[in-house]
Ligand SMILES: Nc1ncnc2c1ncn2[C@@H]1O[C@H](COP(=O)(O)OP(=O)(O)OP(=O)(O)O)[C@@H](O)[C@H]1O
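Only one chain is included here, represented as structure tokens and corresponding to the form predicted alone.
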Amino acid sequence: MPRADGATILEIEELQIGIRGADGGIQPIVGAMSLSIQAGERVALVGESGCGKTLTALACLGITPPPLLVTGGRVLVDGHELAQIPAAGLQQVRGGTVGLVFQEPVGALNPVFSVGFQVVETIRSHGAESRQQARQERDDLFERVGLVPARELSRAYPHQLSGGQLQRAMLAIALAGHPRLLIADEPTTALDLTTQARILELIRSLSEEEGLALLLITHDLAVVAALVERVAVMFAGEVVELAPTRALLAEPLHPYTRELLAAVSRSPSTAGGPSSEMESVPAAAATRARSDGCRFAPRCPLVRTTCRQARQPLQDAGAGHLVRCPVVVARHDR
């Protein structure tokens, strides 16, 4: 839950990300993205592949990969605007204020060093005075994330660990700098259901015990239901619905959110989310270029002429439930 002081740890204000084309023009990828997370709060950013979830997360650390570039808006971490922080100060933000768990730990970990060595180096880069102290902190971290026996597993190389152990090692690295915000990008991808449940419970317990805020990037609505307090649904580079988790799952308002939930219900097993069952949902990449109106308009069952003519803002439908659809808001207010 958010801390009593209501401190905001992450503030994304009208963030825009684009890619420069051969003609010099900018093709929008993420447009006018806004989201805030309070200290201790768990929030999910949900949407299909290609909608801009991971790019938004990377922008929160100032590591948007070229040829992509931030073209507008700003990101504030713990009250400090990211673009105004000097390069030396970004080291403290990345891994210090904010920890990141990558989607594919095998690709994120260096294969030529033991996982223990990589954790120790991360700890030392964020304040440990000696290697001996860092090793003790490493062992403590390994025990906290369930990598036991700690000394033995610290000597293992990434290829010697199972998928669940690799994800726990990534969590150890993400926590090594004592962050206030953890960004977890699809942390249970490719894990079996039992291991998924254990990793999710571990993230939940760490958040509650440490007062750690969480930004969860996922397409899996089953994960969302089990872990977070608020959900932002993203389509074609923008948030189309933002609401408390229970309210959104019980009464989704935006037509796209309804399609996502319907896709889950059509899946043979809902535990894996809607990944391959969204054939009726328009692809984000195919509609992102439509900047003259609602990006969901080509497939929306509620579309009106005005929807195709102008972009719509997020509107309050009551009780903290925001939706980017005036048709839905008008019906909901009746």
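All figures in this text were calculated on a predicted structure; none of them were measured in a lab. Numbering starts at 1 and follows the sequence shown.
Note that the form predicted together with the named molecule isn't included here; everything after this is about it.
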Sole residue of Ala44, Ala59, Met33, Ile29 within 4.5 Å of the named molecule in the predicted bound form, by heavy atom: Ile29
May I ask you to choose, among Arg94, Arg135, Arg230, His219, the residue with a heavy atom within 4.5 Å of the named molecule in the predicted bound form? His219
Is there a heavy atom of Ser49 no more than 4.5 Å from a heavy atom of the named molecule in the predicted bound form? yes
Does the 4.5 Å heavy atom contact test between Val70 and the named molecule in the predicted bound form come out positive? no
According to a 4.5 angstroms non-hydrogen atom cut-off, is Gln38 in contact with the named molecule in the predicted bound form? no
Answer for Ser207 alone: is it within 4.5 Å of the named molecule in the predicted bound form, judged on heavy atom distances? no
In sequence order, which positions of 88-110 have a non-hydrogen atom within 4.5 Å of the named molecule in the predicted bound form? Gln103
